[in-house]
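As a starting point, one isolated chain is supplied in structure tokens, in the form predicted on its own.
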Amino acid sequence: MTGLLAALTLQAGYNATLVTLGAALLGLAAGATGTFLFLRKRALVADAVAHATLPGVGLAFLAMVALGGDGRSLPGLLIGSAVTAGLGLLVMEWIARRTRLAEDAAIGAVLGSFFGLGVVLLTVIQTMSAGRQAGLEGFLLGSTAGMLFQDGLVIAAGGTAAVLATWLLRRPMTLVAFDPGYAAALGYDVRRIDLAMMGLVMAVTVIGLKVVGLILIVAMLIIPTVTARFWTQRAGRVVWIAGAIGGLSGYLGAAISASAPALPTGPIIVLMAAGAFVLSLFFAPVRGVLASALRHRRFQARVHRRQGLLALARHDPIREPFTLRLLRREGLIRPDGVATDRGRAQAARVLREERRWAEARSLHQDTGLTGRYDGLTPIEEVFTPDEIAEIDRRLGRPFAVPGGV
């Protein structure tokens, strides 16, 4: 616990602090940029782009070794991964636009082909004397043990640039994500905005290779956004909530990994994001499973209450045990099933509402109004006071419901 507290307060050493801050910045950038890819329903594009980075890592290593270097310069490796990721993105877009293949087929073709080429290159590199200690396999699942200060600067600068570009392009990307046809009618170039959207995802994927690896970076692009959707309905807020969830996941995951060195950083970060998703899935106040269950329960109670009161008003027997328990709990009937004074008064109001709606349907032929009746909507929410007064005039004086069940 002492080690975890030290890691959380950035007191666990230089490298641990560097990794923790870098992971937090990466999570912020991944959550924010992944939002529009998710809203555009192109989550698998991130998977293809991530796998397309692998051959670039291998080619960049070979090129740097051929030029006399050791091949392990992170900026050089990231530039190589960006080149092949961009190439994969363009190939995928060209296949989907110029052939009869669907986009998912293009994604599968690019993902498999580029990843296969990358694995072959890494195998070849492992046979080289310079490649045995290169540690390129860390780009698959992430490797933060040897992160240097300049590596952290690359991640910080790239993440900041990605977040800034996301903020500047948020309006056109939101339009394209929800209604590309409307965006085109307003004069936006949908294809270029799509490419910009996927380019931002590519940038975050490239800078995230060192921290979480190409396999897990997809989770950091998608899980925070999916989690954020449980907390708001507005796209603008999803961006920043997703960024906050991604940043917090990166921070906590890196801190936990630093306090327990045997645990890999990348997978722990993804597990933190997954934990936030599970908590949101069940406990989010509007869209969570628990909130939905409570709303359903309240709706069910309203329906049973209304049906029970109608039965009281019409002197019909109530046989549903849940309805009886509900009416007894609310003091509308006595334990022997006889309506209380309060129950009779409310039963009269419910029956009056039913007759108002029946009269409204005969008086108004506008189904847009009368078709809104679901048995629970008060008539005052649909008709004006003058219209309700006319309905009441046609019905006559209110009546009482004597007696019980």
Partner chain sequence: MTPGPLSVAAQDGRLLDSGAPPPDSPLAIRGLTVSYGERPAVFSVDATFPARAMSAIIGPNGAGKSTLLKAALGVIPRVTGEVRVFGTPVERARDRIAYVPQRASVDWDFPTTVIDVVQMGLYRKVGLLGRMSGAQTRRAQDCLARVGMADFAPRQIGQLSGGQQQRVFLARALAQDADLYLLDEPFAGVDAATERAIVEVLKLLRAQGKAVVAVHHDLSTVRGYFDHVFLINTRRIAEGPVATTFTAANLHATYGGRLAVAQLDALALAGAVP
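Numbering follows the first chain given and starts at 1. Since we're looking at a predicted model, the values are computed, not measured.
The form predicted together with the partner chain is left out here; the points below concern that form.
Remark: of stretches 162-170, 90-98, 194-202, 71-79, the one touching the partner chain in the model of the complex is 162-170 (heavy atom within 4.5 Å). Taking the partner from elsewhere, Val238 is found to have a heavy atom lying within 4.5 Å of the partner chain in the model of the complex. The closest non-hydrogen atom of Ala157 lies beyond 4.5 Å of the partner chain in the model of the complex. Arg234 belongs to the set of residues with a heavy atom inside 4.5 Å of the partner chain in the model of the complex. A residue is said to contact a partner when one of its heavy atoms sits within 4.5 Å of a partner heavy atom; Asp179 meets this definition for the partner chain in the model of the complex.
Screening Pro321, Pro317, Gly187, Pro335 for any heavy atom within 4.5 Å of the partner chain in the model of the complex leaves a single hit, Gly187. Distance criterion of 4.5 Å from any heavy atom to the partner chain in the model of the complex singles out Leu39 from the list Leu39, Ala360, Leu59, Ala348.
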